[in-house]
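Here's a solo chain for you in structure tokens, the form predicted alone.
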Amino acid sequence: MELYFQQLLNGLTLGSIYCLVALGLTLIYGIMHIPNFAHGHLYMVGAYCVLFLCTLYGLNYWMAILISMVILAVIGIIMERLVFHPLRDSPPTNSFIAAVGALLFLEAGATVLWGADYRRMPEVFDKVVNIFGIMATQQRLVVIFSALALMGALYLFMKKTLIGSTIEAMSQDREGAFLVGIDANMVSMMTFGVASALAAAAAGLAGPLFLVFPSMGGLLIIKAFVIIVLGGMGSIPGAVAGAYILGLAESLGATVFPAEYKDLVAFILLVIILSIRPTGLFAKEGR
């Protein structure tokens, strides 16, 4: 029984990381209907930013995450302006190809700048704590509670700020938003900025638990797309639910199946849920 509780904690940790990445991807898809396959590689760049800010410049861990969020927000805005904005009136296939091109560019750039070696971020919260008989590293608890705090901050940003309200309005009714004078260019840039900052935060929180390398975003982005399909394309509650369902399924599945097959859980889960509910768990009306 203790093993299952341990895996439950591991699942919540994975789900928290998946959630931050999937939320950014969902925001971009909800506003612009762009399947941004480069989003996982923005996560990778965020991991390198935190790694080098901590190791080369000796910055505090939390300060490094905040600075990397700002850096990635700027990179996300630049990507939107240079890659996706010129294709706004083009067929969706063009945006898909552009996203794949951005993915390859980021991975190749990371390999040239930092090499293909696997790196490990220094452990910041490395102590082990006992919670009702379950042994857990502080870093895993930091991931879970920090992700919840960021989700709360995102909720307040969307509900209580003008920029957040315009983003939400665009995601709910694009034509209505245009009619009331919402600046689509500003909303697109801010959406990419917020989404990229969330990816950087996820990378900084996950960095001490996993290795950092140029292709680390590849499998993650596939899982993020599985999550938003499970939850319903463009649905923020669906992205949150799908992320934790997947994280728990992978972790608990590792107690039944060999560890090398754990990544298959995402796709098995996708087939099962879409067989029952083809539009996803929280699909929006009209999608």
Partner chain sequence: MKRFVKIMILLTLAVALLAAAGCGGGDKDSGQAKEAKVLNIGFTGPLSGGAAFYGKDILTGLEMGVEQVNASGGVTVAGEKYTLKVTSLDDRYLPNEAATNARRLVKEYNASIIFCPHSGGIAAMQEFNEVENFLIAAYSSEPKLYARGNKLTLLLPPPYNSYIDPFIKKTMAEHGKKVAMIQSNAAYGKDWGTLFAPAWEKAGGTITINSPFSYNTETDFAPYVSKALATKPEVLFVGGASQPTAMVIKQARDQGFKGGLIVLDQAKFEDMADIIGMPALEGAIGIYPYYMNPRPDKAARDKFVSDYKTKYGKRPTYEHVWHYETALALGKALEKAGTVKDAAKIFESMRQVLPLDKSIAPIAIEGVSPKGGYTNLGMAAYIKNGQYGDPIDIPRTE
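Residue numbers count along the first chain shown, from 1. Predicted model only: the values in this text are computed from it and were never measured.
Although it is not shown, the form predicted together with the partner chain is what the next lines describe.
Student: Looking at Leu211, Ile131, Val74, Leu148 here, can you tell me which has any non-hydrogen atom within 4.5 angstroms of the partner chain in the predicted bound form?
Tutor: It is Leu211.
Student: Only one of Val124, Ala136, Leu154, Ile144 gets a heavy atom within 4.5 Å of the partner chain in the predicted bound form. Which one?
Tutor: Selected option: Ala136.
Student: Among 26-34, 44-52, 219-227, 60-68, mark the stretch whose residues have heavy atoms within 4.5 Å of the partner chain in the predicted bound form.
Tutor: Result of the contact check: 219-227.
Student: Check Thr279 for me: does it contact the partner chain in the predicted bound form (non-hydrogen atoms, 4.5 angstroms)?
Tutor: Heavy-atom contact with the partner chain at 4.5 Å: absent for Thr279.
Student: Considering non-hydrogen atoms and a 4.5 Å limit, does the partner chain approach Leu87 in the predicted bound form?
Tutor: Leu87: yes, in contact with the partner chain in the predicted bound form.
Student: Although the partner isn't part of this model, could you tell me whether Ala266 comes within 4.5 Å of the partner chain in the predicted bound form, counting any heavy atom of the residue?
Tutor: Contact with the partner chain, no.
Student: Would you classify Ala254 as touching the partner chain in the predicted bound form, given a 4.5 Å non-hydrogen atom cut-off?
Tutor: It does: once the partner chain is placed as it appears in the predicted bound form, Ala254 has a heavy atom within 4.5 Å of it.
Student: So which residues in 268-282, when you check the partner chain in the predicted bound form, have a heavy atom no farther than 4.5 Å from it?
Tutor: Sequence-ordered list is empty.
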